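Form predicted alone, single chain, as structure tokens, below.
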Amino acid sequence: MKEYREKLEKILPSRISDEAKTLADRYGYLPYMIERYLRMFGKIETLELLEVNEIPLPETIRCNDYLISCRRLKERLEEKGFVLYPLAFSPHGYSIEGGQVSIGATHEYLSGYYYIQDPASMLPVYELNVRPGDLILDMAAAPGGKASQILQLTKDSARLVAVDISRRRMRALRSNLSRMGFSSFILLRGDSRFLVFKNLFEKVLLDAPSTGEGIIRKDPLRKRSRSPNDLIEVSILQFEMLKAAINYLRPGGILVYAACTLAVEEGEFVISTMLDKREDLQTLSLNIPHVKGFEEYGRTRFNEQVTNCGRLLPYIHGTEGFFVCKIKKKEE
């Protein structure tokens, strides 16, 4: 990974402008983050991003229509004083306000009728286009948001292998899948970079561990919690996981890579580097709302296929920051 690290280090800002320092001081960020935003978005859009990030994300849920119709769930929650607004880009998503109790303490929640989930994170599974009977791998599955969504969309008829490295988070994964009524899954605890599968799965979801730079609206501590070296180490981990994911995918299969981030270093750079190394990969266009991936960053021009990848931006889509890319492994 020495070559990958060296290339990554070269695209990080070598100096911090006075403008970035001023904005970082005003909004409470590490200066290198602002320098990168200015490079990515320009001054006007950077200011829009920083202002929107001061507004907390609304509480959002995903209705589990495997157990209850979304219409009936809405009625039941409204009887408890909640107000629900459908999310424009998710057929099962609602933003939610009010209520007589916490949204995580209702009878409906305990019965598995919904999952508390940030809005953009509902979208990658729709791009995976899962079908009953599919053999599917979720490589970073805990605490279960996307794993439960896969089983929901297939009416518990997919064959899902869900992997996570954390013992504590695995307990949450098992609890959430059971709470929501699902049984068509196998759970594996371990490092998903080192599984024994090869050319096996029809669909692979890699919701990669990230710096969390996309969830500042939810967790303002992310403004200052990750150093440039942290960003490098996370990007290397993501690349290693993506390499493994492609090996697990059968020819003709579909992989969706996602990361809750604004960072090019965790998105286009990871995908472009992999596309340059392998000729058997093809990015596919996305159906979800998005802006296209960056073709270049600083003085680095990416593989042209990254323009099929997409970003959700807080100041455009009203969500957290998110990166999504859909990749097909070509037939042999």
Partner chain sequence: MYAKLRKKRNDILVIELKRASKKEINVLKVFLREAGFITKKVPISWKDLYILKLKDAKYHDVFEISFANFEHSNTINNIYAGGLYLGLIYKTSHKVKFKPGLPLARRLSKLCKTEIRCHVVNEKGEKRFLYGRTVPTRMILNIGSKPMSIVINILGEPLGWGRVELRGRTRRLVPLIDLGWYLRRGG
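Residue numbers count along the first chain shown, from 1. As the structure is a prediction and not an experimental result, all values here were calculated from the model.
If you look for the form predicted together with its partner chain, you will not find it shown, but the lines that follow are about it.
Just one of 257-265, 111-119, 89-97, 213-221 has residues with a heavy atom within 4.5 Å of its partner chain in the predicted bound form, so point it out.
Single hit among the candidates: 111-119.
Does residue 243 make contact with its partner chain in the predicted bound form, using a 4.5 Å heavy atom cut-off?
No, residue 243 sits far enough from its partner chain in the predicted bound form that none of its heavy atoms falls within 4.5 Å.
Could you confirm whether residue 286 comes within 4.5 Å of its partner chain in the predicted bound form, counting heavy atoms only?
No, residue 286 stays farther than 4.5 Å from its partner chain in the predicted bound form.
Given that the partner is absent here, does residue 145 sit within 4.5 Å of its partner chain in the predicted bound form, heavy atoms only?
Output for residue 145 is no: heavy atoms all beyond 4.5 Å of its partner chain.
So, residue 228 and its partner chain: in the predicted bound form, are they within 4.5 Å at any heavy atom pair?
No, residue 228 is distant from the partner.
Check for me whether its partner chain, as it appears in the predicted bound form, comes within 4.5 angstroms of all of 27, 36 and 40 - heavy atoms only.
No, because 27, 36 and 40 lack any heavy atom that approaches its partner chain to within 4.5 Å in the predicted bound form.
If you check 107, 155, 131, 71 against its partner chain in the predicted bound form, which one has a heavy atom within 4.5 Å?
By the 4.5 Å heavy-atom cutoff, the listed residue in contact is 107.
In the predicted bound form, which residues of 165-182 put a heavy atom within 4.5 Å of its partner chain?
Contacting residues: 165, 167, 170, 171, 172, 174, 175, 176, 178, 179, 180, 181, 182.
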